[in-house]
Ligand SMILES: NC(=O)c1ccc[n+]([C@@H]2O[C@H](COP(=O)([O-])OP(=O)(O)OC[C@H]3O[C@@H](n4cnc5c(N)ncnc54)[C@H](O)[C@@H]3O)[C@@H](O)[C@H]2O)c1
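Next up: just one chain, as structure tokens, the form predicted alone.
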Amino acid sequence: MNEKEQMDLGRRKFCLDLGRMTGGLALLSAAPWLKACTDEKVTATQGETARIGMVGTGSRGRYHIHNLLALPHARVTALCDIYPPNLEAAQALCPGARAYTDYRRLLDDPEVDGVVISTPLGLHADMTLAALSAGKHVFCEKAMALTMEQCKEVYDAYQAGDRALYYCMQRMYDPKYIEGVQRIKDGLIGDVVGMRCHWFRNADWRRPVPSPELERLINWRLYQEFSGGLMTELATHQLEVCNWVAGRLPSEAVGMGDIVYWKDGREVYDSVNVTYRFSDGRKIAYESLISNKYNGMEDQILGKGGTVDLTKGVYYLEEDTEISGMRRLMDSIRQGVFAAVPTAGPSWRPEYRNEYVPHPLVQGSVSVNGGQSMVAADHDGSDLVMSAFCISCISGEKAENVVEEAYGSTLLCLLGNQAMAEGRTVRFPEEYKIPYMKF
């Protein structure tokens, strides 16, 4: 079986498994964007092809091309990039696609149904608006835009039109996240009392620059003109999950950001700590730095009855009946926790973290992203959201709540950046609230 056949089989298995996951139809209610992935939708578009134009053919763009080439219902018909080495590399992957250096010419191409935008963040809003105006369906990399004003402009344009708009929030399509969030909502860990997310790397976030004048073009993530730094590049994924779990957004943020280690002329922080507070007092604790990778990446949902680590696809219970009290007692004696063995009295309950035992959220092998790649991780849901986008290009149907989820997480990232820059607690602006949001 070749790679394309394997991917198609995996995609179909995911579609079939949607009906078998915990909650069944309730799952599709809690994550309605998955309706575009059901087996019925796949079957309905069988034999039809979405014609895709790629705007931005750097490493992330070529990763999307890799996924598109494996989809039976997609064909890359056009490519666009202003950097010749990237465009040439993409042409080698798609030799039959037309090549452009001006994205507006690609938007005029009648052989393009949908556009995939994989450019620096500072270009997302203008390109998305132009593509929607040109009558194209759009798939854009995260985050939605560089400013709150731009986010609202894109959201309003999407609402006013009839074109599908997707953002690559791949956790929304990752089976272990889908199952985990649904089980949290079903009461697996009791009342959710807090959330902790972190993303650690140890690298300068730079790419080689063949000539000095290309520095900002190639290393755009390091400059505020194009980038929101660690928040918009990393936190946007994790904050979306927190919003998804909570069913609402935090109302305020406070934080600190600094350039601690990579003092190389960059303008964005290499270390951030932001706390988001919901109206009921629950909090999201977010931390990221790129000069130590020991802790990797985790998305933890904390409940009164247990903890779900969505990144690894496991959960831990506060009261775990699968571990007998005697086993716990003997383990603690062996570890020297107690100087004497209690022989009577009330039932004993340990309070030690090393007693927690992981339980899988989904059966079978699970792909775990350690968070170290600057490009992508295989089997993280990116292929499935791309497949759903191509189905929408064929059917013309919008996916439910994808744009709204991306809008909320992007604004939280920008709110966190504002809180760090101003050194104060900032509240979510009233003018950027939309009907979808709850606080």
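Numbering starts at 1 and follows the sequence shown. Given the structure is predicted, the values throughout are model-derived calculations rather than measurements.
One more form of this protein should be noted, the form predicted in complex with the ligand, which is absent from this view; the next part is about it.
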property	result
Gly61, heavy atom within 4.5 angstroms of the ligand in the predicted bound form	yes
Heavy atom of Gly56 within 4.5 Å of the ligand in the predicted bound form	yes
Contact flag, His198 vs the ligand in the predicted bound form, heavy atom cut 4.5 Å	no
is_contact(Trp262, the ligand) in the predicted bound form, heavy atom dist at most 4.5 Å	no
Asp113, Asp270, Asp299, Glu233 - the one with a heavy atom within 4.5 Å of the ligand in the predicted bound form	Glu233
The ligand: the contacting residue among Leu71, Leu107, Met127, Ile284 in the predicted bound form [heavy atom, 4.5 Å]	Met127
Segment that reaches the ligand in the predicted bound form - one of 89-97, 242-250, 158-166, 140-148, heavy atoms within 4.5 Å	140-148
Residues of stretch 184-220 in contact with the ligand in the predicted bound form (4.5 Å, non-hydrogen atom)	Arg207, Leu217, Ile218, Trp220
